[in-house]
Each structure stands twice: as structure tokens, then as C-alpha cells.
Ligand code: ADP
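Take a look at this single chain, the form predicted on its own, given in C-alpha cells.
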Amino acid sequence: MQIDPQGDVTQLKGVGPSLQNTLAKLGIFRALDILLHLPSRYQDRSTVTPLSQLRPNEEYLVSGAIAGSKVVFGKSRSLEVLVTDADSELRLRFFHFSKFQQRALENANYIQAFGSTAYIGRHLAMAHPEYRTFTDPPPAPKPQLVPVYPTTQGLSQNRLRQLTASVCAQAWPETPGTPFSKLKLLHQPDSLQSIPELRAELALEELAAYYTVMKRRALKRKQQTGIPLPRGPGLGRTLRDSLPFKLTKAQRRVIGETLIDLENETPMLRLVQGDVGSGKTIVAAFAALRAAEQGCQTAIMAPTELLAEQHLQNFQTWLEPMGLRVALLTGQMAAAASREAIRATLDGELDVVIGTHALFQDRVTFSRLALVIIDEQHRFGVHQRMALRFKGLAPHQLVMTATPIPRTLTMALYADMDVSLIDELPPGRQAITTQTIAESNRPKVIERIRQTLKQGQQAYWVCTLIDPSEEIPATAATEAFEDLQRALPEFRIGLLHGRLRGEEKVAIMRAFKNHELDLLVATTVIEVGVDVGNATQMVIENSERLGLAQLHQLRGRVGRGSTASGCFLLFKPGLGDTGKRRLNALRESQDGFFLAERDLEIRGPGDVLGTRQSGEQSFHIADLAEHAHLMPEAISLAEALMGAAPGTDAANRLSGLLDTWAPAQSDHLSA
């Protein structure tokens, strides 16, 4: 029986309501979505590596005799199995195990295991490897590439592999523009050599579909009629003259581009890119002021409570002296305050409403919404942005991001937007000295922070985990907090992480901003947007675990005052070549757009055995590092197909491409 690609997954054997709900968490709704849920990487299990040749942070297939097993008691109980071969030994560690598993391993003579190596204590080990046990020495492995899929709780890797293999075995219709046979090959490749070319062919089609949707969206927007916002009584000049700083040439240019757009009936959709600290917020303030001059409202959406509160303080400082009314609306507000903000928004008493996801609520209604401003736009899905847009009569949209997009990709990725670039930092910003430091030198970094705090300055100490983990060898925020309290008892130290309640986060960040805390130990929750001019030092633990863009964002939290600032990138032993190149790039440059281009080079043509790093739009195939060079060809293909007459092969191919790559529920291509 032929499968229906667009039909839901319950048409597949063995998929009932429970598995259907689990698959939905992965964005798998249709049968086709299973083919589109591609391996993040492949495990090469064709060669057994001698134990003496193992290195940390790599995946290996190993084979040997079981020399013993025991239950180890540390921070948590674990089962340790000692494996030996002719030259060396390796420990396998299981932090979650059953009595049955323990007895089976105790009774086996030999084992063949596949997993990732890491130091646990003083010993190189594999945590929770996949394995098979044997009575006699195991046979040589068969050549095979095993797919590894992104999965979710309640869906094991093996179950997902079985389901995908079953789907690949089904008969699929062959219609123009549908890549079913190519997708099957990516799930079951014969060799690593065949994968890059196959991925490139599919990426070209996906990028063409993406560009088509962007162009159609832009055309649809230009057919809409919004509220024109012509020049008013000159409040913009008043705001400019009242600012305690002088606008940069780049800021003045982008403000001008934005205000000209607002004068038109066609709704503006403008992306403002600016590096960390370039001053994007003041552009938004001039736009909101223009809307208020015409008796209209502005909604400003921020991704976090902390950033929303900072925007509130800035906009109140800039706009309230001119008679504008600015208010906050977040999910953590007291019920009475929330009801009052919602009432004032509906009655038109507020000119600017700043909020988080709370702005999406159905009960939030605007009197005359003419402008929507989205900060850090990549943190919101298209459906969320659209929900806010529909609260007004085709309002103008100003979208801001400090996440650098390589210049070569911007126009293609944002084909539905006009793009402005703030490519100049405000004068007086100090260069940030960036150093890469081995974890063994941590005491020296602590001493450097002590000297900084003694001088009355402040510092951040960033960790990638909240709590310690036996399975992830990284310093957690909670243990760093305790360690630093012991090492620096004379200073006030705070702890900030994502599990705290919203009001707790805001209170801690406010205390740090008011210098009621000297040192803030935090997770990457402080990555976006919060300004503390007196913070001059940034320490990032396990910096090798973070991407280049995220490291650049974190570093940008310091250097915002007139004092020279520094950033220390701590890293663990065994740093790979890619990690070294990434950290060295950050040390050499503070230009976010240069670093974005450098990231493309470092990530190169794609390491198929490594984790696939998707682009901001969460493409199924296309990787902005791997496939940037395909954009011109994708645009040409899309333009040719869009110009084809209905009913032709080209038009049918475009229809097939859109059905595959741009379904209605796809968050990055819909609407």
C-alpha cells in the first residue's frame, strides 16, 4: 500500500495516540515529517579501536574482556564495569541501571560497546554506552553507519530508528518536486562520502522553497494597508536634544530609514541588525515616539522579564518627560497590576506597552496599535509574532537582533524584510581584552576577579549548567557559587539561573545593577540585553561548550562603561581543533559580523560525523554554515519556478517543493 506523505502518522503501523503525542513534541505530525526528521549525525561502528588509543570527547567502538564490575557510591550511585584488552583498560559507567542489567554484566565474559569518552574523576570512561555482551570473544563488527536522531523523553533512540526504517521501507509516490528517495538515502547511507552531495541537493530545494515563501509574504504585505505615521510636531528633535549621549552616524541613518518607512500606508517590516551594544533600542524609541505623535500605540516584545524591565526603564527615561505613558505587562506581574495594564491598553491610555509572551494573551487588546517592535526576534516563532501583529490593523513591524547574520546571507534569509545595519559602536566603548585560560589556572582568574571587585567594579561568572551532573563534565552554577563564596567571603555574591521564579530573577538582576551585589554567578540567562555599566569582567566556565555567537553575546555584557574590561574563557583539557579555532577567533576580534563570517569558515563544509548545527530558521536540511554558497542558485531556481505558467512541469515542481518544505504547521515558513 502506498503511503500518504501528507497524512498523519497514525496511518503507520504501530503508531497509536500515545506515540503520536510523543512524535508531536519533535514536530512530527505527517508521515513525511518522519523522513524530514533527519539524523543529527552518524556513528561509524565499523572499526574496533584499541583501548590504549582512546582520547577524551570522542566516540568509539571498543571490545574487550569484562575484568569486573561494582556499584560505586559518589554524588549518586552508579555501576562501574572494568573492560580490558591486550594493552589497556576502560571503565564503563551506568548512572541508571537495574538489578537485571547488573547481573547480566556480572555474568558476561566479553563486551562490545559504543559510546563517547570523557574523564570521570581520574579515569577515562564511557557513560551509558550501547553494548552487547558475549560468552566468547566477540566477532569483528560489520561495516555500518548508524543514524543518531534528535529525540525526546519517552522515545528511545532504538524505537525511533525502527520507526524510521519502517517508513523508509514503504512505497512513496513519485511526483515532481518531492525528494522522498533522496531523504531515504540520508537515513540509510552506504557511505559517508555520499552524504554531503545528497544534502546539498536537498538543501538547494529547501532554500528555494524558503525564499519563495519569503517573497510571497513580502508581496502579500505590500498589498495590505496600514496606518501611515507622518511627521508630527517635532518631538523627535526634542528627544534627540534631551539624550545624554550623541547618536552615532549609523544610528541616525537607521532611524531615518525607519521613520521614512512609517510614513507609508504599506506596513513596514524592517530588520535592524546591530552588534552587542551598538544602540538598537534608541532606534525603537524614535519609532515609538512617531506612533505616539499620531495618537497610536506601540507594543514592544522582549524575550525575557529582565530585558522587558530594562526596556521599561529606558523608555520611561526617554519618553515620559514628553508626556508619553509607558507600562509593563508580563506574566509575573501581580493580578491587580496586570488587570490595570490590560484595561489601560484597551482604553488607549498607554502609548507604549512593553512585555514578554504575556502580550500574546487574547485578553490583551489595543485601542489603536500601529507599531510592533520585536527584540531579539530569533527567540520568537513566526506564529507568536503574527499573533501580536493581528492585534492591530496591519501594524508596522520593527524587528531587532544582536545575533550577527553573515552579510552574504542577510538579504536571502530575510527576503520579506527591509534590512538596516548599525555597523558602528557608540564612542567611548572600551575594547574588551579576551583571554583563553585552561581550567587548571582557575585560582589565578579568581584572584584577578578579587582585584577587580576591590576597585569597586563588578563581574559576571557564567556557567553552562545549573546543578552538577555526573554525565556532563562541566562546572555548575550552584557549585561555582559555593566555591566563590568560600574564596571571596568579603564580597556580595548572587546566583541567577533559569529555574528561579520571574520576580526572583528580576530582583537579583536589579540588585546587581544597583551594585547591591559585587559578583553575579549565572547561567546563560544573562546572555541577552541587560546593561550594567559597572560590570567590567566576564568569566565563562567551560567555554568550549558554547557556540561562537553565544560567547560573543555573553562577552558583550561587559565593556559598557568607560572602564577597560576583560573576558576570561575557561576551558577543560582535551579541547578539539574546532573548539580552539572558535575560542581563538573570539580572542582576536570583537566584531560580531566578522565573527559570524568566521563561524561559517570554522564550521566549514559540515562534519557529518559531528552534531548538525541548524540555522536560526531550524531548516530540516539546509545548514547556513554548510550551504551558504547555494543561496544564489536557490534564489535563481525559486525565481524561475515562480515565473512558470500554471500546469507546467516547473509549476508542479514548485508545488511539490512547497508541500515538502513549507507545510502550514512549519514554524519558520508559515504565514
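One-based numbering along the sequence shown. Model, not experiment: these values are computed from the prediction.
The same protein has a further form, the form predicted in complex with this ligand, not shown here; the description that follows concerns it.
In the predicted bound form, is there a heavy atom of this ligand that lies within 4.5 Å of any heavy atom of residue 426, even though the partner is absent here?
Residue 426: contacts this ligand in the predicted bound form.
Is there a non-hydrogen atom of residue 187 within 4.5 angstroms of a non-hydrogen atom of this ligand in the predicted bound form?
Because no heavy atom of residue 187 falls inside 4.5 Å of this ligand in the predicted bound form, the answer is no.
Using a 4.5 angstroms cut-off on non-hydrogen atoms, would residue 487 count as touching this ligand in the predicted bound form?
Close contact is absent here: in the predicted bound form, residue 487 is far from this ligand, nothing within 4.5 Å, heavy atoms only.
Look up in the predicted bound form whether residue 566 has a non-hydrogen atom within 4.5 angstroms of this ligand, and give yes or no.
Close contact is absent here: in the predicted bound form, residue 566 is far from this ligand, nothing within 4.5 Å, heavy atoms only.
At 4.5 Å between heavy atoms, only one of the stretches 518-526, 568-576, 272-280, 85-93 reaches this ligand in the predicted bound form; which one is it?
Of the stretches listed, the one contacting the partner is 272-280.
Among 41, 182 and 201, does every residue place a heavy atom within 4.5 Å of this ligand in the predicted bound form?
None of them does, since no heavy atom lies within 4.5 Å of the partner.
Which one of 251, 452, 397, 178 is close to this ligand in the predicted bound form, taking close to mean a heavy atom within 4.5 Å?
Selected residue: 251.
Please tell me which of 340, 320, 531, 447 lies within 4.5 Å of this ligand in the predicted bound form, judged by heavy atoms.
None of the others qualify; the residue that does is 531.
Which residues within 218-253 place at least one heavy atom within 4.5 Å of this ligand in the predicted bound form?
Heavy-atom contacts within 4.5 Å come from 245, 246, 247, 248, 251.
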